[in-house]
Each structure stands twice: as structure tokens, then as C-alpha cells.
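This text opens with one protein chain seen in two forms, each one given by itself as C-alpha cells under the names structure 1 and structure 2.
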Structure 1
Amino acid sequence: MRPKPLRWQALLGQAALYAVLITGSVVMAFPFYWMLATSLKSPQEAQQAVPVWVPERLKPANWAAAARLGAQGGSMWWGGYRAGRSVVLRIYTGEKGLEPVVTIPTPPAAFSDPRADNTRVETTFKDGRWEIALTNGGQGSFRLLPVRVYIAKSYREFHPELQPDSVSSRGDNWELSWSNLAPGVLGYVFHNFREAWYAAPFGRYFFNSFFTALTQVLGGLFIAAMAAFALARIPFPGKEFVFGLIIATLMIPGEVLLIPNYILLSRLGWLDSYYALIVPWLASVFGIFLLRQFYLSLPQDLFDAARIDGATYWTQLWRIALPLSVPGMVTYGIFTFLGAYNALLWPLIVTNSPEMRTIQLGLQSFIGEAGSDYGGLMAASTLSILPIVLGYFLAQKQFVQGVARSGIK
């Protein structure tokens, strides 16, 4: 027997191992953290040269104030500004200096609502704080109450109970602005998510993505299972030809198909429809190969027994082969779903109306439209990856095995 390596050597090796792994993980995970953190930042925080690690909206100290102001305006959770309600903002100054000036931004400023014009403002000083009461004098309720408060620089210190979304210098004053003064807890934390959701029809995008991806998975599975079963289990004339055709198809790269398939679709009048998103990718060589592999590995005795009992090939496929190839089908399903859900190029080419956009396409056009609103953009990106990431955590094993299986031929 060889003597065990010295303890410090083993320790050093372990330390190096962990150091490399942790560094790698940080690099891999950082963009996700940054996406999430930025999706919770106010525009000012998102555009600071020095990165903001924990956005104000993540600090529990602000949540209580957001909940209280939200409850005054409408609801504790989602806020809002109902007709006749008053929202009281407290700014702790300690001393009674110059009275703060309050304005409600008018359109076309960001996050503003013309109905906010009917708001009455009263400012009073008591117990070392300014209380700014905003009353909705109009008939309608609305969602966002944008407010700007100008407070004199002569104050030694001041502290509003809800952290403003941005602070900037305006002559002798500090300009504190809130994009929504009555946010409610969830409305405060998820401000960017809500705004992104209202800015683009993400519901429709999600539906399109899910619909096309699921149809592709189910239809493709059906077609691939039938073909794979025939190729693996049925002797028939022309089998060699079919197999050769499938092998040949493997060599055609996607680019070659973009233009002819686009022309085909346009001649069929299928452009900008679900057909265009689904039909061209229904038959999948990957699926046929994968399932064929599974069917080949099943013992012949099973099928012989079934045949003696009078089962046709169709019955054998449905009753024996399919139930036994569930792992293969899950692999195929995950891959096809991921591919369809994450695709950008094909939807970009074959659709042009907003109603037919998939989530990736919606996000791509949102990137152009959002401009420098990185908070909103990151919120939209987070929304778009959420279903897949949640799916991954629910079915981690299948995801990983599916990918692993794609590498073993």
C-alpha cells in the first residue's frame, strides 16, 4: 500500500478545488443576480456609475412605509389612488425651515397620469416633520401617483419615510421624485415588473410562445414516435430509403432553409400565422433518432407476445413502445420546448404583427423601445426566463438527464 498523502497536501488540493469552483459559479451566476437586482432598481439606481448591490426596493425598512402609503391610497398590497382618498407623506426634518414645494409631474413625463392633475396638496409641519397630504379630488381612481418634492438645501438633514426613486439637485433645492407615492408593498417591490407588463402585451407573447412550443412538442412527439417505431420495429420495403433520407436531412444546416421556407410559407399565405411558427419544425430528425434508439433497446419478446395476442403494429406502438419510452419522450419534449421557446431568428422572419410575436421577439423589440429604462428591461427579461427556470427547478433531474442523453449516442 502506498502511504496516504500528507494532510496539508490534501487540504491544499481541496482548497484549490473549491476556489476554482466558487470563482466559476460567481461568474456564471453573476449576470442572473444583476438581472434580478436591476429589475428591482429605480431608474436612478440603475444608472449609477458605482453599482448598487442592494436596491432600495429590496430593503424591508421601506416596505412598511410603502404598505402604509399604499393602504391610504387604495390597497396595502398593490397601492393605487382611489377617488377621494388622501395619502400623507412624512418628511422628517427636525426643524421647521422652508416649506417644501410639491408638484405632480404632468405628461409626457415618465410614470405620470393626467388624472393626477386633480390632486390637492396640503403641507403642514408638526412634531419635527413635514406632512404632505395629497388628496385625489377627481372622480376617477388610478394606478400611479407620481410626485416631486423640492426641499431647500438649507436643511441640515432630512429623511422622507419612503426613499425617493431619484434625488437630484435643482438650484437651491433638492428634487426628490417618486414614480408612485402610493405603491403598496408589492407595487413598490415589483414596480418595474408591473410597468413592463403594462408597456407591452406580454400576456399575448407568453401565450404565443407556450402555444407554439407545446404544439410543436406534442405534434412532433406523435410524428417522431410513429416514424421511430416503424424504423426500429417494422420490416417494410423502402426502409433503407427512408433512413437514408433522414440521415441526409441531418446535414442540412438551418440557414439554408430560412429563405426557401420563407418563400414557401408566403406562397401558402401562412406568413404571420401559427402555422408558420409550428409546421416547418414538426418533423424532427433528433426526435426520430432518439426514440428509435429507445425502441431498438426493447426486447423483441414483448412484441412477439403482443402479436400472438392479436395486437396490430398500431396497438404495439401505443400499448407497449410508447409507455416504455417515457424518458426518451421527456428528453425530446424538453429539448423541443426549449428550442421553440428560446427561438428568435425564425419568429423574427415569419411574423410581423405584434399579435403573433413570441416572448423572445417581444423582448427583442422591447429592448429597442425601452431605451435606457434598464430596470424595466431587466424586469421583462426576468419575466421571459421565469417559466423555464421554474420548470427547471421543478423537473431538474429530467432537464439534466435530457441534456446528458443528447450527448450519448
Structure 2
Amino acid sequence: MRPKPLRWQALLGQAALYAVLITGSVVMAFPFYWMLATSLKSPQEAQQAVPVWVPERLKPANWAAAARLGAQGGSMWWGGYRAGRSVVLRIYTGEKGLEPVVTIPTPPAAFSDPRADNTRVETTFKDGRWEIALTNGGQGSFRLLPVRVYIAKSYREFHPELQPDSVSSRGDNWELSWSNLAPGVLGYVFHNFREAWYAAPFGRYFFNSFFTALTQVLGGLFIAAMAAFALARIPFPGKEFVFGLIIATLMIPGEVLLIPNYILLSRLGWLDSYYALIVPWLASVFGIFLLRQFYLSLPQDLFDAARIDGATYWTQLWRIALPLSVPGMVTYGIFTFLGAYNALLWPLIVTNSPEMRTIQLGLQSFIGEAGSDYGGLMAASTLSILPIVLGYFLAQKQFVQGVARSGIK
């Protein structure tokens, strides 16, 4: 008889198992953390070689200053720079040395706004600190107040009340840059998210992605359900051969079909339209196979009883098969939605107008010849995956059941 393991051995084994699972979870979650962290970083933090694990925008010490400056400009939550308002930045130096030089960046500099050209600057020294007052002398209000301050290196130390977005050396001075000196608390923390939303028509991109993905899911479910039911429950000559032929098409790489599909859509005049984004992907071999496996798992007695009662195949499909295969349809819907929502190559080929671009193509707005805006790119990427993550958690139970019952690994 095999002796029972000691209690401490069982506890040790369980602890080792949890340690492995936790380590794996951390490794899997790290890319998501890095994306979220980068979406909250300043441009300098996002591009510097030394990793920044906690962005300055997440440090509560900066929130009070962001709220005060935002309230002076327009709102303590989202900031702004209203006409006639003055924003006062404090830089603590402890001693009065050379006066800081303040400039407002002009286009085409990054983080510049031509409406800020009418800003009046006044610098005073009081109680061991420089106070830089910036007054909106224009007639309009706007969102961002970009500012650069050059402060002499002769100062032994200096401390601006709001941590600058970048610090660089310029001869005898340090250049401190803020992309927005009147941010407000939420405008400061979610600066990249707000600017990413304004940088491109993401509302249109989201609509295109959701519309094409949902249409593919609904149309694909309808076609796949009918084909799978015929292959699973309707006897006809050559059924196995037809099913094998359909399955064999899975061996054809999708890239091989790009040119034929493009030529076909071009001759139909469907390029740069929703037809081009949706129609070629309505019929899914994977969906047919998945739902067929579900229909085969249903008891034959259900269909025999329905036939005795006079039910047609159409009635059997809608009244028996579909209600009992909800996990399979949810699984197919999630896979199809993910594939359509995340598609990049096909929308890139068949669309050329900004109105028809999808969310994945919209992310290219942050990659230019002068460089990449990693903060904006990660913020837009975070926005793009939120609907996917939310949908997965809502349909998680059905998704797991569908994968388990169909035998998909």
C-alpha cells in the first residue's frame, strides 16, 4: 500500500503550483501593463531607454498642481485655457538668480497651438520661487497651453510645482517643456487618451469596425447554421464528400485569395465600400465545422420526435438545433468578431478613404516620418481593445462551454 504524502509535502506542492501559476499570470499580463503604463506617459518617458515603471502622471504629488493650474485655466478636472484667464506656474529655486525665459511653442513644433500666440507672459520672484503668469490675451478658449521654460544651470536646484513632460539641456540652460500647463486632474492623467481621440476620427473608425464585425457575425452565423445543419442532420448523397471538400479549403492560405478577391471586388465596383469589408468573409468554414459538431452532439431522438410531429428541416433548425447550440454560436461569434475587428491587411487593401478606415488602420495615425507618438498610440490601442475585453468577460461562460463541447483546443 502506497503511503500517504505528509501534510507539509502537500502544502509545499500546492505552494509551488500557485507560484508557477502566479508567475505565468504576471508574464502574460506584463504586455498589457506596459501598454497601459505607456498610454499614461509623457513623450520623453515613453521614448527614453531606461524603463519608466510608474509614469509621473500617476503620482498623486502632481495631481494637486494639475488641479490648481487647470482651475485657473478653466476647470480643475479637464483644464482648458479660457479667454482672459491667467495660469501661474511656480518654480521653486530658493534664491533669485537669472530670470527664466518663457516661450510658447509655435507650429510646426510638437504640442503647439497657434491660438496660444496671444499669451502674455509675466515673471516675478517671490518667497524663494519664480512665478510665471501666462494670460490668454486672445478672444477664444482652447484646450492646450504648451509652454517652454529655459532656466539657468547656475541654479543649484530647482523644483517646478508640476513635473515637466520633458527636460533637456540647451547650452547654459535647462529646457522644461509642458504639452499642457492647464491640464486639470483628469486632463493631466488621461492626456494621451484625450489627444488620441482628437488626433483622428476614432468615432468613425469605431463605427466601421463594429458595423463590419457585427455584420460578419450575424451573416456568418446565418450561413454557417444552415450549412452545418444540412451536413449534420439532412441525409443526401455525397454528404461526407461535400463536408471533406469544405474542410479541405482550410488548407488554402488566406493570402493566396487576396488578389483573386481584390480583382473580383474591383470588377464589381465594390472597392472602398462596406461590401468589400463584409461580403468576402460571410461564409466561414470554421463556423460550419464548429456548428456541425454541436448539431451532431444533439440526441437524434429530438429530431425524430419533431419529424413525427410534422416539423420540417427548417423548423428543426430554428426550434431545436439553434436554441440548443447557443454556446457554439457564441464561440463562433466571438472568434468571428475578433477576426473582423482586428483585421488589418484586408481593410488596408480594399479601402483608401478615411471614411472607410477601421480602428486598426486608424492606429497608423500615430506613426509618421518624424517619429512615433508612443503615448498616443498606446492610448488609442487601449481604447481599441476595451470593447473586446468587455465582450469577452460578458460572454466568458458561453465561450468556455462552446470550446469545451466542440473539442476545440
Partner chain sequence: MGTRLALYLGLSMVAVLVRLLWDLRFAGPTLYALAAVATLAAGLWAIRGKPLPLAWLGLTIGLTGAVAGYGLPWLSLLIPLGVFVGYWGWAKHVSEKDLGAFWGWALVWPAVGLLLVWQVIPAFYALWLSFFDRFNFIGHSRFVGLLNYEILLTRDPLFWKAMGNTFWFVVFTVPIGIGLATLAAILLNEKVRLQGLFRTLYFLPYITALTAAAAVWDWIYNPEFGFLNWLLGTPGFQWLSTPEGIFARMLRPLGINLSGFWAGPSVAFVAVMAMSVWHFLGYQVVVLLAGLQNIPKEYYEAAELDGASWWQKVRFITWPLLSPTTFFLFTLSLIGAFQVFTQVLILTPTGGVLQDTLTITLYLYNKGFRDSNFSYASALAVVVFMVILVLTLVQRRVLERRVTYEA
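C-alpha atoms forming the largest set that superposes within 1.5 Å between two forms make up the rigid core. When a residue number appears, read it as a position in the sequence of structure 1, where counting begins at 1. Note that the structure is a prediction, hence the values are computed from the model and not measured.
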| message | Quick check on the two chains I just loaded: which one is the form predicted in complex with the partner chain, 1 or 2? | response | 1
| Taking the rigid core as reference, does residue 239 move its C-alpha 2 Å or further between structure 1 and structure 2? | yes
| message | Rigid core aligned, does the Cα position of residue 141 differ by 2 Å or more between structure 1 and structure 2? | response | no
| task | Align both forms on the core first, then report whether residue 316 has a C-alpha shift of 2 Å or more between structure 1 and structure 2. | result | yes
| request: After lining up the core, report the Cα displacement of residue 253 between structure 1 and structure 2 in Å, one decimal place. | output: 2.6
